[in-house]
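First, one chain by itself: the form predicted alone, in structure tokens.
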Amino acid sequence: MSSRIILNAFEMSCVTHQAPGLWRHPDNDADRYNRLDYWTDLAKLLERGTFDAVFLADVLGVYDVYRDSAAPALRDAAQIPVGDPLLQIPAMAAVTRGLGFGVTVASTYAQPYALARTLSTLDHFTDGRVGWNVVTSYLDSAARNLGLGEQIAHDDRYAIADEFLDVTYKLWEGSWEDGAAVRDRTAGVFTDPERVHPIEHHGRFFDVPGIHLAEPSPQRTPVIFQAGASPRGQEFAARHGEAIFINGLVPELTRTVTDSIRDKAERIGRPRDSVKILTLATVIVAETDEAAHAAHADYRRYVSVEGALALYGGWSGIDLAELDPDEPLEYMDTDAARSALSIFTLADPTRTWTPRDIAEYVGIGGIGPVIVGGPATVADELERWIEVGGIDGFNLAYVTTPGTFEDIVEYLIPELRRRGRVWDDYEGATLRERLSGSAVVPAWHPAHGYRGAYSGLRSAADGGASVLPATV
């Protein structure tokens, strides 16, 4: 039997996500992003299509690299204005029973003690359907506005993220023992303090001596998504990522990235197939190939080149306005998202990309393929990506919303179901169970080592410091 294809809807709490200029299309409701019913209606639609999750991107800054100004991004609503991606999740969960939620939060600008509580709360409210997309951010504007003055160096951000995750794992997995919240009305005890432990974390970046503020949620640790594609990012993803999000132009070249990630995971003791790898793609599907290509041609009329260059400037850290639009682009290290530059300069040694090429490519779908056709044509191409690219599924971006997702649910999902590539109904209770079959973090995951690690040590009841055993 063919393997199941993981499908996430790639969304963001903004107007223009991956298709700059398309907000002007008469069929696009993206400008309703700040209405709660936009999100609840979308959730119900995606659940009807048995999407695994809605994957919510986020940035905490403005795309102001292109032309050294925020004006192009503001004119095209290129990920500005942008809302908080955490806030719509409880409402979406309330109108669904199976749809998962992957939410992006940058470890560079958060505190593990507070974020651990937020994600535990969401995991409770969703009955265990939450995943955290761990990013380290890439916009200088975010660093400036959050008090850092300038962006922390690329690899240093990953060092912070490593320790950040270590703290949250201790809080989620180790601080509260199973059954600590006894809810004993007769004895008048809600939580047994002997079974709650301070984590006494004292590290390079964080000091967190106390106990977790939330009782254990259905998954304890939310599913960990990660999107690192640089060598340091791949190392981080191979250690922590249960599902890893990458960009790819063609499946043949993408295979080198997926093999590299799985090789790194195996070297640190993970099963090779435990890494679920997803790539960005935009699907334009209709009843026939001809109708789909007509829709694509119509969409191209609305593309904003300025908006595309504004987005790419933020992703890459390079202002393409300063370069000759027809001169081949060369790779250079920046502290932005390095994959956004390397994919056009290093991935394919047989092709050169100019700034003009990149602007035209990014106009629909961002840094990912656009797959156009009728149901069978699109399903064939998705299967080719799975087999040739070595991936497990897709984060599907939209051109218009909810139109792109409506077409996928109407035309593509029935064809994929016929081929046994997507499920007829959700299986498993939590997001982790649906992705990997495991109810809790598996033994290979670094969070697993803290599960029950404080049991039998000093607890919150006596106020003493709890020291982890040397083996943990």
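Quick caveat, the model's predicted, so the values are computed rather than measured. Don't overthink the numbering: it's just position in the shown sequence, from 1.
Keep in mind that the form predicted together with another copy of the chain is not shown, yet the notes after this line are about it.
Shown here without its partner, the chain carries 93, 141 and 190, all of which come within 4.5 Å of another copy of the chain in the predicted complex through at least one heavy atom. This chain is displayed without another copy of the chain, yet in the predicted complex the stretch 206-214 from 311-319, 206-214, 389-397, 256-264 comes within 4.5 Å of it by heavy atoms.
With the partner omitted here, the residue from 441, 422, 59, 46 that has a non-hydrogen atom within 4.5 angstroms of another copy of the chain in the predicted complex is 59. Distance criterion of 4.5 Å from any heavy atom to another copy of the chain in the predicted complex singles out 82 from the list 292, 135, 99, 82.
Although the partner is absent from this view, residue 219 stays clear of another copy of the chain in the predicted complex, with no non-hydrogen atom inside 4.5 angstroms. Remark: residue 33 counts among the residues lining another copy of the chain in the predicted complex, judged by a heavy atom distance of 4.5 Å or less. Another copy of the chain is not shown here, but in the predicted complex it comes within 4.5 Å of a heavy atom of residue 39.
Mapping the unseen interface onto this chain, residue 124 counts among the residues with a heavy atom inside 4.5 Å of another copy of the chain in the predicted complex. Contact annotation for 110-147: residues with any non-hydrogen atom within 4.5 angstroms of another copy of the chain in the predicted complex are 111, 113, 114, 117, 118, 121, 122, 124, 125, 127, 141, 144, 145, 146, 147, listed in sequence order.
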